[in-house]
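Take a look at this single chain, the form predicted alone, given in structure tokens.
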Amino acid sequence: MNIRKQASVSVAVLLLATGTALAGAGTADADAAIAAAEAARKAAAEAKFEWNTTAPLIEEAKAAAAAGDFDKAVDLATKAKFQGDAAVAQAKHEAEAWKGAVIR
């Protein structure tokens, strides 16, 4: 095999390998992101600090995934997970912070 042909094959293999990674999110990525967002939302709900914007983001993510827009679904689910995690952190903070507001 000459050097030019060998280089072409190497480039083709490299493009094939990186093309899969650059293709964007897929069904599995969207499903995982939505599941993580739902778990974070449930944790916030258990702490009684669920934000009212989290569940609609999850529903939008599910709709985007159903429409085949997996990148958008992952983005929306990531935002929803952040909100769920932040709500849990807020609940933990508020569990102690109220004590400083009580007049002694």
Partner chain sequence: MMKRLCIGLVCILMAAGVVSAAPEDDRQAFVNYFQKRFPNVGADAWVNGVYALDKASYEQWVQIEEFPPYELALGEGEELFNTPFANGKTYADCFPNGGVGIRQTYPYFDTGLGEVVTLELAINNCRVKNGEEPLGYKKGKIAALSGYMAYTSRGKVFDIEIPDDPRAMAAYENGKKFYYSKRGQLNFSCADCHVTNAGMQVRADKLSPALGHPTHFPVYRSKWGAMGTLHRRFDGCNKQVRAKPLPAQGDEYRNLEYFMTYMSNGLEVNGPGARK
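Numbering follows the first chain given and starts at 1. This structure is a prediction, so every number in the text was calculated from the model and none was measured.
In what follows, reference is made to the form predicted together with the partner chain, a form of this protein that is not presented.
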Hey, in the predicted complex, is Phe49 touching the partner chain, heavy atoms inside 4.5 Å?
yes
Does Thr53 reach the partner chain in the predicted complex, with heavy atoms at most 4.5 Å apart?
yes
Contact set, 64-93 vs the partner chain in the predicted complex - heavy atom within 4.5 angstroms
Gln83, Gln90
